[in-house]
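Encoded as structure tokens, the following chain is the form predicted on its own, with no partner shown.
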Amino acid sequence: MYHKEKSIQIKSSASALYNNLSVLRIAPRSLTYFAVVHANVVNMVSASWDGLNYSHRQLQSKEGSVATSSSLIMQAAWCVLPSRELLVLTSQRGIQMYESDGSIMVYWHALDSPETPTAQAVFTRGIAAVREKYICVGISSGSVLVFDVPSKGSNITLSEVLEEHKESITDMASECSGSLECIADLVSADDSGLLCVWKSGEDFQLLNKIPGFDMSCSSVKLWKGTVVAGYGTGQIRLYEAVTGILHAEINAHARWIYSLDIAPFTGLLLSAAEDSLVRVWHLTMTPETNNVEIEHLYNECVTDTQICGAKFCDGDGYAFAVTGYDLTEIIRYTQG
């Protein structure tokens, strides 16, 4: 179903972080951007679709106006809003937002560092663009910061702080199907496996809390009102977002899941884990009953690799890319 393409080299290897790959497809310019975190650096690659041109950029962890910082970056992800696209970096010190090509930093939000050193690590992790103008970012305290982003310029404001999680945020996702009928448009996950389902607006509303049975949820997606969650047990669970009804539970991997992704137009689901396997599944929804079914389509073993990032390169799931701990390449697979 998929075959391996030529890999893309990156300047420094991928760190062992959840969801350590972000992809932005820029159709008008026939380009795809890739971003991979290594310690306090983000490796960016711009690749032309014909495979002939690559350009590289490295973004350093910063603290406000300070040139560079040694603080570790936890995640890098592109946030696509209707009016603009931003690259968001979360670190141990705060949140950096850049223009999508990484050329200009438009916003910096510093984390409140505790007066006295605590045993609890302080960091930001979990990034999602929600509806017209919101970017949500998670914190190790369990808070979710909601930023109001104007259509241009740097006048980004912190509009709300959501306080429902007690453990560190691991990942966040917004409704990716583009459907306006879905009530829920954001899901946040934490280290205890708790999932919080939200409706966005001037004030975000908590719609539901889905318990996690004390097993970390490392990656989460939201598609057509269904929450797809991957856990440290190697399991994937499918919940109806608003009611919390469990549709399916799959023993998908033998080890910790590091990354999930959904191709919104086709319902293909990508899962990747520490067991060196990348699997492709197909989600189907029966509109009359709201039932969701999942079927296994394909798996690929990336030998001797602790996979830490996996993303589809397009909305149909025609191609996907994978990163692995200590690898200085992005491995690509295409249907055909």
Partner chain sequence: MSDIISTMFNKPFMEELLRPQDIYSHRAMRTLLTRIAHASIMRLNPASMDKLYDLMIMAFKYQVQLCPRPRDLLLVTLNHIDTIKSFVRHNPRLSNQIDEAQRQLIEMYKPLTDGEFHLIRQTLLIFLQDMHVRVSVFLREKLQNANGHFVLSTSGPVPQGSDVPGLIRLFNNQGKEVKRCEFPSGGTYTSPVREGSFDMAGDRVTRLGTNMYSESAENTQTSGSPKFKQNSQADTTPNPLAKEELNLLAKLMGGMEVQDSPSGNSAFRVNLFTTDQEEEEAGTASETHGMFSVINIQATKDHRANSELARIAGEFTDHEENSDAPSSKGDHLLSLMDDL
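None of the values given here were measured: they were computed from a predicted structure. Residue numbers count along the first chain shown, from 1.
Keep in mind that the form predicted together with its partner chain is missing from the display, and what follows is about it.
Heavy atoms within 4.5 Å of its partner chain in the predicted complex: which stretch in 247 to 255, 82 to 90, 148 to 156, 195 to 203 meets that?
After filtering at 4.5 Å, what remains is 247 to 255.
Contact assignment for its partner chain in the predicted complex, among 141, 266, 235, 208, heavy atom within 4.5 Å:
Filtering the options by heavy-atom distance leaves 235.
Just to confirm, with a 4.5 Å cut-off on non-hydrogen atoms, which of 104, 183, 161, 215 contacts its partner chain in the predicted complex?
It is 215.
Should residue 120 be counted as a contact of its partner chain in the predicted complex, where contact means heavy atoms within 4.5 Å?
Yes, contact at 4.5 Å.
Flag residue 319 as yes or no: does it have a non-hydrogen atom within 4.5 angstroms of any non-hydrogen atom of its partner chain in the predicted complex?
Residue 319: no, not in contact with its partner chain in the predicted complex.
So, residue 311 and its partner chain: in the predicted complex, are they within 4.5 Å at any heavy atom pair?
Flag for residue 311 set to no.
Does the 4.5 Å heavy atom contact test between residue 221 and its partner chain in the predicted complex come out positive?
Residue 221: no contact with its partner chain in the predicted complex.
Answer yes or no: in the predicted complex, does its partner chain come within 4.5 Å of a heavy atom in every one of 31, 50 and 55?
No.
Sequence order please: the residues of 3 to 19 with a heavy atom within 4.5 Å of its partner chain in the predicted complex.
Those in contact are 13, 14, 15, 16, 17, 18.
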